[in-house]
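Here's a solo chain for you in structure tokens, the form predicted on its own.
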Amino acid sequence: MPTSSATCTKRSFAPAAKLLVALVFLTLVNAAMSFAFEPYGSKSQLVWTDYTAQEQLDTVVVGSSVMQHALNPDVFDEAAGAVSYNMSTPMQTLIESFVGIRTAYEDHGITRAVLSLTPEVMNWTTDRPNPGSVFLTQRAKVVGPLEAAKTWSYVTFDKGGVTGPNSLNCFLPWVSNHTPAKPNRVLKNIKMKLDGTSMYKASEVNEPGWIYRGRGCGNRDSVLDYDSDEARTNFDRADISKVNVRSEAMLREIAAWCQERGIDLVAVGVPMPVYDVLGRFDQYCKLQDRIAAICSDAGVDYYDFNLVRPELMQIPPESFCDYAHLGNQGSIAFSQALGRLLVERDKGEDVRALFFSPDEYRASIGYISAVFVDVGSQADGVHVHARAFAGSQVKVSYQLCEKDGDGWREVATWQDSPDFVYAPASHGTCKLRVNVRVAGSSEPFEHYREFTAVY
């Protein structure tokens, strides 16, 4: 029997109908996953939502979480006579910083951009950008679909994101940006979205202790415990002395783009804990020399605030809230110092004189910042090597103790050498501690490191 044309038409549309149903289903599933897992009140959401409320800007600040903690626009503006916004976000790459600068220029015609250059930003070896990063997906929600598509095209095709493992993440935002996959955290996230919780309150729920200061800036009131394990979190990373070729190329592209539009691009190094600088001092100096050379060649002024002289900024140990970030008091001091620096720079003053040379910096540190230990077991006992981080003019004394009930028993008295060999009375596990202090000090100790050894 011949097949009717209506039957043929029906059969030809059947695969298309199935595909459409599948696409609708996947879209709904993706929307549900995004609603459940995308954190409400993420730092990028705060930055981009508050950015839309800015009526006037002449300065934008970009960078990673280090700069988001460090630059308080209210304090900076008072010192610099500026109208600024902090667009820095966690793990922000240089490509994303460039997008932030471009957005602020197109929206407000900014005349200055402050770019944070940390070791992480310059060392990151990610070969391809992530088109679905939280910075870009949150931006897409406020700039509109056309502008979002233009940026997606730039990141995907111009910068090679299409060949990277995250090339489809812009369609799956919850993959790059998700709350911990624990039932209580997911349910809490959903509840905050449904019950009218403000995104500012949600941000503090997501990260207890973190406080949003406004206009993109947020940090903590807490102080880093230099004797805790947290202090070593960022320390044992790979060699930081080299600049990734993609980072260098992106920095040069940002510089050229800003120069063409008359934007004063200023690059800065945000202060890090002293032990983090001294602990890899040779690598750190090589990195800073390379960054300074790139910036100089690109026509960009670069100021490393780790080397800042005290007449511009004091950086006491309590300036840091954790292993990498300035706390609120450190942020206020940095924001004031950067504002004053730019005012003097704009007057034509020699602001380079406000910074130490590396050797001057090392000599200026008159205290012990922290102590770490390397430990191993050999036939003759537990071998301990302590690494105390202090200025070049500071002589350090070391003491080794063993846990004894609720206290500590000295097993090696104060000595100049950072090396110990200790043979416990019996084989097994022992709890040890190295105390350090400046030689001649009457303090019981100034810093310590506790650790477990197996013998």
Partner chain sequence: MSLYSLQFVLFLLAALAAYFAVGRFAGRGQWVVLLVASMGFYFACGWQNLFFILFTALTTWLVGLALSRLDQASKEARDQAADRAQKKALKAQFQRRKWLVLLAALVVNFAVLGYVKYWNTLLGFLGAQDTFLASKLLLPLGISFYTFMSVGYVIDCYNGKFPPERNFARYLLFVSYFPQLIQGPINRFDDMVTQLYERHSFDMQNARSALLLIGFGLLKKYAIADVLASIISNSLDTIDTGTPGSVIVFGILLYTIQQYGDFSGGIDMVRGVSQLFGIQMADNFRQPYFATSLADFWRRWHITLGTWMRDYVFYPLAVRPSLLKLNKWGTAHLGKHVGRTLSACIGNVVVFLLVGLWHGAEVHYVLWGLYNGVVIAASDMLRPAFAGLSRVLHVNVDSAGYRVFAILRTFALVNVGRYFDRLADSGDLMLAFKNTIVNFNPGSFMSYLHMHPTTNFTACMALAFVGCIIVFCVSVARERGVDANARILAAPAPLRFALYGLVMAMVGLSFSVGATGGGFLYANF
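In this text, all values refer to a predicted model and were calculated from it rather than measured experimentally. Numbering follows the first chain given and starts at 1. Each form is matched to the other, and the largest set of C-alpha atoms that superpose within 1.5 Å is called the rigid core.
There is also a form predicted in complex with its partner chain; it is not shown, and the following applies to it.
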Self-check item: Contacting member of 296, 163, 198, 184, with respect to its partner chain in the predicted complex [4.5 Å, heavy atom]
Solution: 163
Quiz item: Can you pick the one in 178, 102, 213, 112 that has a heavy atom within 4.5 Å of its partner chain in the predicted complex?
Solution: 178
Quiz item: Heavy atoms within 4.5 Å of its partner chain in the predicted complex: which of the stretches 361 to 369, 165 to 173, 132 to 140, 89 to 97 has them?
Solution: 165 to 173
Practice problem: Look up in the predicted complex whether residue 40 has a non-hydrogen atom within 4.5 angstroms of its partner chain, and give yes or no. | Solution: no
Quiz item: Taking heavy atoms and a 4.5 Å cut-off, does residue 395 contact its partner chain in the predicted complex?
Solution: no
Quiz item: Wondering, does residue 29 line up within 4.5 Å of its partner chain in the predicted complex on heavy atoms?
Solution: yes
Self-check item: Touches its partner chain in the predicted complex: residue 428 (any heavy atom, 4.5 Å)
Solution: yes
Exercise. Could you list which residues of 439 to 455 come within 4.5 Å of its partner chain in the predicted complex, counting heavy atoms only?
Key: 452, 453, 454, 455
Practice problem: For residue 422, state whether the C-alpha moves by 2 Å or more between the shown form and the other one after rigid core superposition. | Solution: yes
